[in-house]
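The data below hold one chain only, encoded as structure tokens and taken in the form predicted on its own.
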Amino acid sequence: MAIVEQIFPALTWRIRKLAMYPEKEIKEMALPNDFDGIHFGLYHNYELTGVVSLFEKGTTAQFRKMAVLPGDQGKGFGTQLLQYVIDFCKQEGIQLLWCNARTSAIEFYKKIGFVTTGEPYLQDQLAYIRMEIKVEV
């Protein structure tokens, strides 16, 4: 079993790079508003294996840059990490949680209860679509 805990923003950068942007430099992994967010890390066998960043605005929150190390994908860690974020949002009184999902991950998010909204769009040669879930208290 893996555990999830809140982590310092810079700890997310290495996982983001390895899982999402291996061709980029580590310094490119920082988001402009990273230090305004809440960041969570999933540890498996005491190693940081997955990360996600949460940005709250009133009763709405967006999560960004959810990533699991490539060798650990498909083991349920992403689901565990996202469920932790949903539970955290419930405690915080967040009513709507959303993300800009890669279209290749639509089915993953649908299994958790997310629905697509809007139309797919391209950014940096990748297709994304907004997905959201109503957080039930």
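Note that residue numbering begins at 1 and tracks the sequence as displayed. Not measured: the values here are computed from a predicted model.
Beyond the structure shown, there is the form predicted in complex with a small molecule, which is absent from this document and is the topic of what follows.
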The listed residue (Q62, Q73, Q83, Q95) that reaches within 4.5 Å of the small molecule in the model of the complex by any heavy atom is Q73
At 4.5 angstroms, heavy atoms only, are M20, M66 and G78 all close to the small molecule in the model of the complex? yes
So, S104 and the small molecule: in the model of the complex, are they within 4.5 Å at any heavy atom pair? yes
Though only this chain appears here, would K27 touch the small molecule in the model of the complex if you measure heavy atom gaps against 4.5 Å? no
Test of understanding: in the model of the complex, would Y109 fall inside 4.5 Å of the small molecule by heavy atoms? yes
Interface segment, criterion being heavy atoms within 4.5 Å of the small molecule in the model of the complex, picked from 53 to 61, 83 to 91, 33 to 41, 96 to 104: 96 to 104
